[in-house]
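Single chain ahead, by itself, as structure tokens, in the form predicted on its own.
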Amino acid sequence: MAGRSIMGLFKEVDEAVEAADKLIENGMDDFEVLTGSPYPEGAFGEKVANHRLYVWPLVGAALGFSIAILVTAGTQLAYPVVTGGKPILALPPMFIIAYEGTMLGAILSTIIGVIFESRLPRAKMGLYDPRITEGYIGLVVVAPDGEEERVDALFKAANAADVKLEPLSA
């Protein structure tokens, strides 16, 4: 769906909730809430974001464990040192290395997962107003082509302090 982003800036929470309700009533339920204060998820009626952060440490732990076992077993099999008839694969040291590899893989992949799930590598920042850090609440919606005036009217009907429209890209 192509369109331009529109941000309505609200001084009061009730006005922002009213605008969010009007957006939902008009079929525009995919909007983003920008606020400097913490509010519970879904307080404004926005869609709850799906996240898959739990998958990152599981995959990282499995990879770390597999690599640790591969390295320890592969090293012992590639350079066998037979001492006193003991087995070539010494399991107690392998368990220690496997544990450390599992933890290292889980921690590193969690850090990478947090970065990606937080959408930190953003190429385009989008609409923002510095008044959001002063207590204002911003609602950003991507209006379908030709619907910008209707969204602007919805925000103004909900007593928006300001309405910003994303500039046309060249």
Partner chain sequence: MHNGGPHGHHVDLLVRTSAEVNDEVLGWTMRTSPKYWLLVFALAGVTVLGFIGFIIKAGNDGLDSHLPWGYLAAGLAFVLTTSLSAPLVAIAPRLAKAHWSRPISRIAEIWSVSGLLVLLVMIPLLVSLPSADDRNTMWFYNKIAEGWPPGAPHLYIALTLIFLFINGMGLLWASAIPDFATAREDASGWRRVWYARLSLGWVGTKRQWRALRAGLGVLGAFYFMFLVFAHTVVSFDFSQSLVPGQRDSILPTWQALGGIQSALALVILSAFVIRAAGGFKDYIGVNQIWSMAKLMLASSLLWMYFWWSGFIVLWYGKTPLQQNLLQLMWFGPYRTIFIMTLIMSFAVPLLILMWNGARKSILGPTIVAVSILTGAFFDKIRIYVSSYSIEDVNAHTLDYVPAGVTPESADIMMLMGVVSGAVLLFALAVKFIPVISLWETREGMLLQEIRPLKKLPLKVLAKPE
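The model shown is predicted, which means the values in this text are computed figures rather than measured ones. Residue numbers count along the first chain shown, from 1.
If you look for the form predicted together with its partner chain, you will not find it shown, but the lines that follow are about it.
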Scan L34, V142, I67, V59 and let me know which has any heavy atom within 4.5 Å of its partner chain in the predicted bound form.
L34
Taking heavy atoms only, is L63 within 4.5 angstroms of its partner chain in the predicted bound form?
no
Give a yes or no for M28: in the predicted bound form, does one of its heavy atoms lie within 4.5 Å of a heavy atom belonging to its partner chain?
no
Considering only heavy atoms, tell me if P92 and its partner chain come within 4.5 Å of each other in the predicted bound form.
yes
Counting only non-hydrogen atoms and a 4.5 Å cut-off, give the residues of 91-105 close to its partner chain in the predicted bound form.
P92, P93, M94, I96, I97, Y99, E100, M103, L104
